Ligand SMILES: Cc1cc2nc3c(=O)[nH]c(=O)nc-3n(C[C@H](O)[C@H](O)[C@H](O)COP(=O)(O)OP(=O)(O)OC[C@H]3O[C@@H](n4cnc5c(N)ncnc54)[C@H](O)[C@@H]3O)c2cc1C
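Only one chain comes next, encoded as structure tokens, the form predicted on its own.
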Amino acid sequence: MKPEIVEEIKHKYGDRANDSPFERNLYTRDLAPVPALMVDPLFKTMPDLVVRPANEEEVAEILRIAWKENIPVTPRAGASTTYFDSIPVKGGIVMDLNLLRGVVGLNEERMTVTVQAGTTWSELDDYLKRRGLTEKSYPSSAPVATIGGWFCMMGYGIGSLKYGSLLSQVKSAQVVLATGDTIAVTPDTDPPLSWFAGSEGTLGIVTWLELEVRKLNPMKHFLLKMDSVPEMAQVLKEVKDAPVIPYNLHFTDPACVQGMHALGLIPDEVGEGCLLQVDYEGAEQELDQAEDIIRRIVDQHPKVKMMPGEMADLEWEERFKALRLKRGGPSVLGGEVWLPIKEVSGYLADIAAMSSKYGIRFMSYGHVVTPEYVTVMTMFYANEVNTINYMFSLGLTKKIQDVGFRYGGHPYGIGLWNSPYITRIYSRKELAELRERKKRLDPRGILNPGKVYRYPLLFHPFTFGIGANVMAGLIRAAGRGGRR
């Protein structure tokens, strides 16, 4: 950036525009601890300036300046992913949207709430619950994830099985385009609302959304324990296909259960095997019917054990703490896979075989998010302090995605680190359409450049695959040496 532009923005925004190295360095990472050795030679993750707009007008003003000067702009709010979605790769401006907070209005007749995009899901939940209402769905990272951020990802999480993706619940949104122009979008406008869902901040900056809400209903929770993965997969299917749709359906594989035992996160009485958490919400009659369904399914599977109700209630209360397994090591690595439900058993069997092959415990848990698909997170422990070993361990994340791909899956989310897999996520025709959208709305490519539409040269799937396989091979060799 030109020094005079930096000074112009700093003069305009005061302490909400900062170019100190200390401040800017805070914006060079998200939840993924990636060694500088892998990042600095390839990308400029240090922004030239961090700006915190307080309203939509300021968002538009900053973008008009950036458009005129051809400055990259990376929108950021909760930064609660591990894909570098909100990390700059070409410097420029990071636009911190966390000041765009609060509920704009509640329409109880339409059963919608209009909320600023930087509001977290927990903040919205607190507001709605005081009025006897709640969201239809929300991410498992709700305490830190923002409304706009989750919309610009794929928007599937807790509650999606029953109520659909976030896109299906949003009535309208306000978006500031790369040029600084502000538009209102709905499912029927041109461009439509759907273009911005999952765009990861590359087509425009969402400033507020109107989304559907529901009445706050009673809930019932059930925790089932199975000895084997195939039985868990069968029970999961029966629960999913039953007449009463669960609000949330979550499974934990045997390795993940072992990991939680080791950390004292679950009682000893649970023992070994798989866990299936089933959560229902609705009227009392619906909940009674749901309980009858669960009890009937358990009766039909003699080896399935229903755990005490207080354990099921606690598991629901702990639903935002999936990364509590991180306590077992300096850090965790892994991959999240969008996977057909019918392939869960095969996927987990191959992951277990990979654990034996590499001498590393791969722990998996998943949420059923549609009648056909589940998002599965598979993790393993790594040590980011040991830079070389940690870099080699990153090769195993590709092995996880390769297993998912064999079973018809692909990564959940793209950002930077999943860009080598874009041809697994999208067909050639879909990619061409996405690139046309980008060309139309942001022809200069200033919004969140280097994400979603194509991979960087060194991330070409062929060369990336070779490199990742070599690193994984070195980890395997090191593991064998350690076991001799």
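A quick note: this is a predicted structure, and the numbers were derived from the prediction, not measured. One rule holds for the numbers: they count along the sequence shown, beginning at 1.
Quick note: we don't show the form predicted in complex with this ligand, though the next part is all about it.
(message) When the contact criterion is heavy atoms within 4.5 Å, does R76 count as touching this ligand in the predicted bound form?
(response) Yes, R76 is a contact residue.
(message) I'd like to know if S141 sits close to this ligand in the predicted bound form, meaning any non-hydrogen atom pair within 4.5 angstroms.
(response) Yes, contact at 4.5 Å.
(message) Is G395 part of the interface with this ligand in the predicted bound form - any heavy atom within 4.5 Å?
(response) So G395 does not count as contacting this ligand.
(message) My question is simply whether T378 lines the interface with this ligand in the predicted bound form - judged by any non-hydrogen atom within 4.5 Å.
(response) The answer is no: T378 has no heavy atom within 4.5 Å of this ligand.
(request) Name the residue from P411, P254, G157, G334 that puts a heavy atom within 4.5 Å of this ligand in the predicted bound form. (result) Contact with this ligand in the predicted bound form is made by G157 alone.
(request) Let me know the one among L193, V213, V403, A145 whose heavy atoms come within 4.5 Å of this ligand in the predicted bound form, would you? (result) Going through each option in turn, the one that passes is A145.
(request) Please determine, with the chain shown alone, which of 317-325, 254-262, 386-394, 226-234 has non-hydrogen atoms within 4.5 Å of this ligand in the predicted bound form. (result) Going through the listed ranges, the match is 317-325.
(request) Can you tell me which bits of 205-231 touch this ligand in the predicted bound form, meaning any heavy atom within 4.5 Å? (result) Stretch hits, in order: I205, V206.
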